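Encoded as structure tokens, the following chain is the form predicted on its own, with no partner shown.
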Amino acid sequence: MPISKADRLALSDEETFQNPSVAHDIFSRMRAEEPLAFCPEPWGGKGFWAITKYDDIETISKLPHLFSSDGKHGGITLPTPEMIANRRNLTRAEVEGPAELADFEGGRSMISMDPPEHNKHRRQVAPGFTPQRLDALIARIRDRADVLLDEVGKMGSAESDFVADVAAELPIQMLAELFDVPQADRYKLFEWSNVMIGGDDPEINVSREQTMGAFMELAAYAMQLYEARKAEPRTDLISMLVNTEVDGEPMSVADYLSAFVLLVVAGNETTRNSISGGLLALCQHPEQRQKLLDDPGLIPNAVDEIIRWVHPVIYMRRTALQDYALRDVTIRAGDKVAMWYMSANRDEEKWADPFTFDVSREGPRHLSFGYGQHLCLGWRLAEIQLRVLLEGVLARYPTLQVTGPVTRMRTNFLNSIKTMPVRYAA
């Protein structure tokens, strides 16, 4: 049946994604009836094209010269009413149009740049994510995971929050290690990260003043590291940002601050969401968990399937720089385009039974980490952490169960679980 205006408007409503099955129902109908669906925005914005098919997202992702990520064209996200109101200190009724994060960040990170500028900034931190460097971290990741899992094991049959105790802890500990900062600093990094991406969740982002306060704290911390690494360079990611020159030019301080924000957010959010979403999926599909218990050799397959299933990043935006014909639609210069990874990962043309969670599944790679120019730089680190934690949880707590309601961050951008009560022992 035709895609209703209500369905089109629903993609701009964060509440739609509180229950993923609601969003999946809309996307399934769009893929079948209108793969490139134009969606109005409820506060008077110009609207956007919803790209819901795997192949179309790949096509757009391979054309950064035609579909821009640059902040000056709008960046990578679609503004929401709460986001706009918070940033402008207005009520929802007063909102008239979009505002960009760059308004108060003061610079741009590589995620909101186009080539060739994007390539230069990416090369500054790429040495921190080489296969050799990441392989060298596996032992440290396993040590940290073992400590975390041994600690929660002391709770016995008591209930605890898996997100706070495990899923959030491992990636934020590893981020502190990659930054070469004291582990005690990870609590602030975690808090700042939540505020940076929780703009639509009233439990996280209480006010614009809170957001600005968190950003100023983060900026002050980042500048302390900037000065320290300028004086005494090390081999950590911060030193790479501060001291590496590309084409004879160092990164500006403003761009350094934005890159720091990106690393803080990307360095823990997607991994945390994959871990928590993955364990939830295994608890909801006990027959799949039993497959892994019977054959741990399937765990690498399970990692791919979990990330396909969970889609930690729901979408990314691009802006058309010139007219472009795709399928039977002409996307006009200046149009906003939303590439819905959540939908592409359920594309019936790419996977048999895409709504079946199957840890032994083989097939095309998911799009959860993007594709092409902006493929997530830390994708392999995220996969390593998920694999190591899966191995540890299955070995120690084969009967782990989710024991209560799961709460999700109020956002249409990240598939982020805030709390997930579990019991480790039967």
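Note that residue numbering follows the sequence shown and begins at 1. For clarity, every value in this text was computed on a predicted model and none was experimentally measured.
In what follows, reference is made to the form predicted in complex with ligand HEM, a form of this protein that is not presented.
When contacts are judged by a 4.5 Å heavy atom cut-off, T52 does not count as touching ligand HEM in the predicted bound form. The shortest heavy atom separation between H73 and ligand HEM in the predicted bound form exceeds 4.5 Å. Ligand HEM is not shown here, but in the predicted bound form it comes within 4.5 Å of a heavy atom of Q373. Although the partner is absent here, F27 is not a contact residue: none of its heavy atoms lies within 4.5 angstroms of ligand HEM in the predicted bound form. Judged by heavy atoms within 4.5 Å of ligand HEM in the predicted bound form, the contact stretch among the candidates 28-36, 41-49, 395-403, 379-387 is 379-387. Only one of A338, L170, M251, L263 comes within 4.5 Å of ligand HEM in the predicted bound form through a heavy atom, and that residue is L263. Distance criterion of 4.5 Å from any heavy atom to ligand HEM in the predicted bound form singles out M316 from the list L279, A302, A344, M316. Along 113-133, residues H118, R122, F129 each place a heavy atom within 4.5 Å of ligand HEM in the predicted bound form.
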